[in-house]
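First, one chain by itself: the form predicted on its own, in structure tokens.
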Amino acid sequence: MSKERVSRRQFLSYTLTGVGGFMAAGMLMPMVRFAVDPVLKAEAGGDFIPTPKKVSEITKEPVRVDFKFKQKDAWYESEVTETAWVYKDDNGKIIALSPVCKHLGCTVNWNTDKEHPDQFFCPCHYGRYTKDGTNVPNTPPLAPLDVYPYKEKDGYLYLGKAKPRKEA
């Protein structure tokens, strides 16, 4: 036996410190893992999302194209539906516009305002955009509609993430 004896007070102090340390580690580990795990997980995914629209079917009249993709937010995976207004300009170039109004985020529709035909119209605050997505002066929107980058693959339209457009 050792000549040095541990008092009851020291024994309780060591025991409670050890138990408290294990409990603290048990509470902190999930928090650390929650913060670090999604950062370390590599996710394979492309920049362009396929749409059901064939490029050969796109005309000069804007049409609504809905497309879906899976979105993963940490551990939660969901299917998201996005929309684009797609048409070909006079040069045959495809234009894909976001339907989100730049005023307060409402959804714009094509050719729904009888007073202003052939324009995108936001019913929330009467915002208007020309066919190319430029905001009409003296209406609520302060910027043009965002534009989707696009590419064609196997005859179908693929859209990237909508990007803000500089005013002309």
Partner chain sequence: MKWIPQDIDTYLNAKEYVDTAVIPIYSISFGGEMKQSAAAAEFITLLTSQLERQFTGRLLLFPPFTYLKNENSEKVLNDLQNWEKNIVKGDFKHIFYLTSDIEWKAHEEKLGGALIWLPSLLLEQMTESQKVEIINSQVKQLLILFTQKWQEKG
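Keep in mind that what you see is a predicted model, and the values were worked out from it rather than measured. Numbering follows the first chain given and starts at 1.
Absent from the display: the form predicted in complex with its partner chain. The rest refers to it.
Stretch 102-110 is the answer when you ask which of 53-61, 130-138, 28-36, 102-110 has residues with heavy atoms within 4.5 Å of its partner chain in the predicted bound form.
In the predicted bound form, none of the heavy atoms of His116 sits within 4.5 Å of a heavy atom of its partner chain.
Contact annotation: Gln71 falls outside 4.5 Å of its partner chain in the predicted bound form, judged by heavy atom distances. Using a 4.5 angstroms limit between non-hydrogen atoms, Ala143 is distant from its partner chain in the predicted bound form. Using a 4.5 Å cutoff between non-hydrogen atoms, Phe48 does not count as a contact of its partner chain in the predicted bound form. Counting a residue when any of its non-hydrogen atoms is within 4.5 Å of its partner chain in the predicted bound form, the hits in 122-136 run Pro123, Cys124, His125, Tyr126.
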